[in-house]
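To begin, one chain is listed below as structure tokens, in the form predicted alone.
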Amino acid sequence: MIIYKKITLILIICLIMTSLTGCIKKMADENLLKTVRERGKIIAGVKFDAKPFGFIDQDQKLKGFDVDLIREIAKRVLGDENAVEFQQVTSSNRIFSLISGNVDMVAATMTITSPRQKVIDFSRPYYVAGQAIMVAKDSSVKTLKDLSGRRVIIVLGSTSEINIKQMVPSVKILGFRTYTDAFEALKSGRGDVLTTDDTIIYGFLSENSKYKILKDRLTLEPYGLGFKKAEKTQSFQDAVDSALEQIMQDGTMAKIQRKWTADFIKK
């Protein structure tokens, strides 16, 4: 009987501790907005090599479409456009950065897809790009069908690899972690073409006159802001979504788009 009472007491204590731990964790997870406000800044993951969306300019300052958008969100959520800490992410690690809690959100030319939506949450689309092909001006590649058997350069973790394999199964894929490495591979002749979003290709073309973008777009790529999954960051997501809606409704998004597409994207 004594042993039974001791076991019962231990079980009750364990249940109480488990319940308390769960409650504490739930409170911490569900109050990301409170944490951000107490911290006084949003920690945002952006790309540092994806001109014109996120890049280090010649003056060594981080600039771009996504950078300006996050600053505008910070102004509306925290009252200060400079209340942001930017952390570099790549196509291959941006989702992990969210899941691990290293960043509060990601704005990194990330296409909204069904597989990704199973892992993280997205805002509404804030920009629609198109997957395109970049080649040297003297390249014999003119259309998608010319890629059969060619060496195609992609950035790991992007939708470009999946799309191009589905469209031209015979291509030989060369994958790189960053856009800088991918473009260097194209310039050195390691691959025949580079495929990624047209916005990023236009950024390369603004500084490299020996290359061109093919006319056809292979897909549409709606970009969304990324968040850690589900209820755990819901209050923060709601605040950002509200700010994003205001930005799109009051003309601010159009101003940001004109600022970064006028110089880089030639219609």
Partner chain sequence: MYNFDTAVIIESIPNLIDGVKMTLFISVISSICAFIIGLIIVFSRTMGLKYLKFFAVCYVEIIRNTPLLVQLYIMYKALPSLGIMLSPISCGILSLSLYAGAFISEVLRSGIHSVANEQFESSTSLGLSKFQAFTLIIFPQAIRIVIPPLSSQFINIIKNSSLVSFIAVTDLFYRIYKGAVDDFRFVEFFLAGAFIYMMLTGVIALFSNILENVFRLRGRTAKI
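Residue numbers count along the first chain shown, from 1. On a predicted model such as this, the values are computed, not experimentally measured, just so you know.
The protein also exists as the form predicted together with the partner chain; that form is not presented, and the subsequent description refers to it.
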Practice task
Could you tell me which one of 167, 99, 128, 136 places a heavy atom within 4.5 Å of the partner chain in the predicted bound form?
Solution key: 99
Handout entry: Of 146, 192, 161, 121, the one that lies within 4.5 Å of the partner chain in the predicted bound form (heavy atoms)
Key = 161
Handout entry: the partner chain contact in the predicted bound form: residue 188, any heavy atom under 4.5 Å
Key = yes
Practice task
May I ask you to check whether residue 177 falls inside a 4.5 Å heavy atom distance of the partner chain in the predicted bound form?
Solution key: yes
Exercise for the section: Report whether the minimum heavy atom distance between residue 87 and the partner chain in the predicted bound form is within 4.5 Å. Expected result: no
Problem - in the predicted bound form, residue 156 touching the partner chain (heavy atom, 4.5 Å) - result: yes
Exercise for the section: Report the stretch among 71 to 79, 101 to 109, 178 to 186, 193 to 201 that approaches the partner chain in the predicted bound form to within 4.5 Å, counting heavy atoms only. Expected result: 178 to 186
Practice task
Let me know which residues along 105 to 135 have a heavy atom within 4.5 Å of the partner chain in the predicted bound form, or say none if there are none.
Solution key: 115, 116, 119
